[in-house]
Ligand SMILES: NC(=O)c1ccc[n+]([C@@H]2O[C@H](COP(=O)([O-])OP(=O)(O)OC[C@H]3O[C@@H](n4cnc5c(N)ncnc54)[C@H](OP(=O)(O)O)[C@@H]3O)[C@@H](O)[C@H]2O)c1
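Presented below, as structure tokens, is a lone chain in the form predicted on its own.
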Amino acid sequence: MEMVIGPRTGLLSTDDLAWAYPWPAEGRWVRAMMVTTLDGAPAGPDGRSGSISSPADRAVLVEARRLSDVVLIGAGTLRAERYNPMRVKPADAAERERLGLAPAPVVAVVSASLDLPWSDAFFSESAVTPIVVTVDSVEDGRLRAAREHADVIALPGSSVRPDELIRALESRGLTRIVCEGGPRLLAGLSGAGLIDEADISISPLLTSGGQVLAGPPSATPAEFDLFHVIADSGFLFTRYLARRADAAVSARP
């Protein structure tokens, strides 16, 4: 199935977005969220995605998060974007409770070095204490400091393996996973074949260079099917689902 909506000149409605970005009824689902310029840059000259975004793009991101379990990001993304605390939204409370979800999504930050902005309100004021996924080889003092601010998962080894990362989240019942980058984290998940859905927003800008996924090309590229393109104020919002036998039919419109 392929759906094209557009062009539009106003914000997508809440009902539009809920219909266009459903979650599967059950099972683990990894949704990759990316915004990119026409030449493949994931951020503007200021290093932030907001400078290449739009109100409609932000509305899509809000919908992707709305009924998720966890928002997964890399340390570089947290440092660059300076995330606000993840708070409970009363408008979503009844639906989240009906689905057996926590009152708000938890944010999981991947950081092998634990070089994170611990004093930010993101850590102290989020509705659910953020998770930090690191490695057990990190220096003990950094690990102790991290545990004062976050729920820490220390995986074995010197780097966080994508498959172990997703298993660690799944073991906590966090199966609706929205990965918002950065490029290296997304590339790792893609290379491991762990992305079920790619929601790519294309911004009508040229920045003279960029790379959405910062990793080496895969020997066997993953195949995806296009399920929709929504045009809004010059932006294109695309939704692709992995072409796999185990892809959840219930996540397809």
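The first residue of the shown sequence is 1; numbering continues from there. Keep in mind the model is a prediction, meaning the values are calculated, not measured.
We do not show the form predicted together with this ligand, though everything after this point is about it.
Note on contacts: among Lys89, Arg79, Arg96, His149, the single residue with a heavy atom within 4.5 Å of this ligand in the model of the complex is Arg79. For the residues Ala198, Ala64, Ile52, Val70, the 4.5 Å heavy atom test against this ligand in the model of the complex is passed only by Ile52. Not one of Thr14, Pro22 and Ala108 places a heavy atom within 4.5 Å of this ligand in the model of the complex. For this ligand in the model of the complex, the listed stretch (122-130, 97-105, 80-88, 169-177) containing residues with heavy atoms inside 4.5 Å is 80-88. In the model of the complex, Ala59 stays away from this ligand, with no heavy atom inside 4.5 Å. Using a 4.5 angstroms limit between non-hydrogen atoms, Ser137 is distant from this ligand in the model of the complex.
Shown alone here, Pro204 lies farther than 4.5 Å from this ligand in the model of the complex, counting heavy atoms only. When this ligand is considered in the model of the complex, Arg48 lines it closely, a heavy atom lying within 4.5 Å.
Residues of 158-193 lying near this ligand in the model of the complex, listed in sequence order, are Ser159, Val160, Glu180, Gly181, Gly182, Pro183, Arg184, Leu185, the criterion being any heavy atom within 4.5 Å.
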